[in-house]
Structure formats: C-alpha cells, structure tokens
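What follows is one chain in structure tokens, specifically the form predicted alone.
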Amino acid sequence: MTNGKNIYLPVNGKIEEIIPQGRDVSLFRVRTQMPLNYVPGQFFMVSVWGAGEVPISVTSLFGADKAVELCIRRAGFVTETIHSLKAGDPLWLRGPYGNGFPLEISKNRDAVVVAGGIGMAPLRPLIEWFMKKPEDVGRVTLLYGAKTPEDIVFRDEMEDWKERGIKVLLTVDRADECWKGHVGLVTGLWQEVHSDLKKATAYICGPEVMIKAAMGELFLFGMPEERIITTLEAHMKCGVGKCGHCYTGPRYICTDGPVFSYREIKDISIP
C-alpha cells in the first residue's frame, strides 16, 4: 500500500543524515512529512527534481517516529545527483512498492542470509527483525561477500549483530594488507554454516551470478524451493507495472516482486 490516494504522487522528504558506507555508497536517513509504512523487502522510487527517479530498496525497519533509511550507491546520473546532496536537502519518495520478505516461513527455523555487495542493503532490516524477534527464529547466519574490505557496508553494525547472536561470515574478492579473513566467493562459506540446510530458510540478495549460484546450491543441499528467497533488482521507471521495463518472463519485478522464491523464478531469466 502506498502513502496516499495517488500511487504516482511522491511524498516530500528531508535528508536528516548521510553516513558513508564503503566506497561510493552512503546511507541516507530521510524524514518524510508523513510516516510511510513499509516492510523489509519493499522499495521506494526516489527522486530529485530535475534529475530523475530511481528504485531504491528500503534498508530500515518501519517505525512511526523513525526516518526512512536508504542505502544508495553512486552508479548513474540520478544517484550521482543524490550523492551531491547534503543534510537538510529535499528528497522525494514514492511508494512503498512491491512485496516483502516472507518472514513467517522462518518461524522456528534457522535462517541463512546471503548477501553480495550492496545486496546487503535490503537484507539489513531482515537482520534487525530477527534480532527484535529472537523467539520467532532459530540460529541466524549471515554470509556476506564484497569486492574488497573497503566495499563492506554496515561493517560497524556487524560487530553489534555478532554480540546479539548473529553469526557473521565475511569474504572478499581481493584482500588488502590488513584483511585477515576469507578470500573468495561467498558461496565458499557454506561449510561454516552450522545449520541443517534442509530445514532452514534462506534469504539472498546480490549480483545476478551470486543469486543464481546460491539458490542453485541451496536447492542441491536439500533446501525446499519455497524456502529459498531472493529479492531482484531492475531498471524501472514506474514501480507499478505500467512501464514494462522490469518485465521478465511472465512477471513484473515491481508488482509481482521484488521478492521471489526459487520455485517462482527458477525457470525464468533473472534480469
């Protein structure tokens, strides 16, 4: 459900704070004129007047007195313009759109969260939800891969996650002289997941190649198709199934997703 009667009408927001997160990535805290109710997995169409509009996954949990948090990578004209803004500047939000993560399927089960790069952004509120509801989920393991140690987002927060019971496994493609952790693909960390994958639930987001590999391997490990969950990205213009930019196979990522199970997308091409 969107914030008002007109699904095409954005809400005016003001940037409260900008927090750098890795290379070319920042977390934007945006206070809107009215509270926007959303769930983990949904996205907003974010715009700057005169520059354009882009879809951005929400990276915070909803709270009536809480600003919306958006993790945005500098990757084009619109996002470059957003990164040129400062605290106090306006930012317009339209939405939220799409579905959210199916949280009920993780009840009384272990959860495996698999992230690559900025794919950690839509999974961050999922981690926060698990920490707020420890009685509803079993062991939670995060597997996160980035290109370099400098590209790891929410690195400081991960220390808090560890203290609150989340097992955090990190890996990078290229290490620097200070990196003492894993080097290699995030899917190379399966052996350190001490959960019965046949009984667990997985939530995945990252580059296309990582999503395909992780979903396929989890299925081979015996995890049921309906409990292998991912969220997809696409270049879209409307967010409401009108422009056709995110049409893939028989589905629109904006309205049928962006969250899908492996069962739903295993036979279609991921954009």
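One-based numbering along the sequence shown. Small disclaimer: the values here were computed from a predicted structure and weren't measured.
Note that the form predicted together with a small molecule isn't included here; everything after this is about it.
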{"item": "Residue contact check: P258 to the small molecule in the predicted complex, 4.5 Å heavy atom", "value": "yes"}
{"item": "Contact flag, T230 vs the small molecule in the predicted complex, heavy atom cut 4.5 Å", "value": "no"}
{"item": "R29 within 4.5 Å of the small molecule in the predicted complex, heavy atoms", "value": "no"}
{"item": "Interface membership of I166, the small molecule in the predicted complex, 4.5 Å heavy atom rule", "value": "no"}
{"item": "The single option of V54, L36, L218, I211 touching the small molecule in the predicted complex, heavy atom within 4.5 Å", "value": "V54"}
{"item": "Partner-contacting position among R155, R73, R139, H182 - heavy atom within 4.5 Å of the small molecule in the predicted complex", "value": "R73"}
{"item": "Stretch in contact, per heavy atom within 4.5 angstroms of the small molecule in the predicted complex, of 104-112, 192-200, 75-83, 157-165", "value": "75-83"}
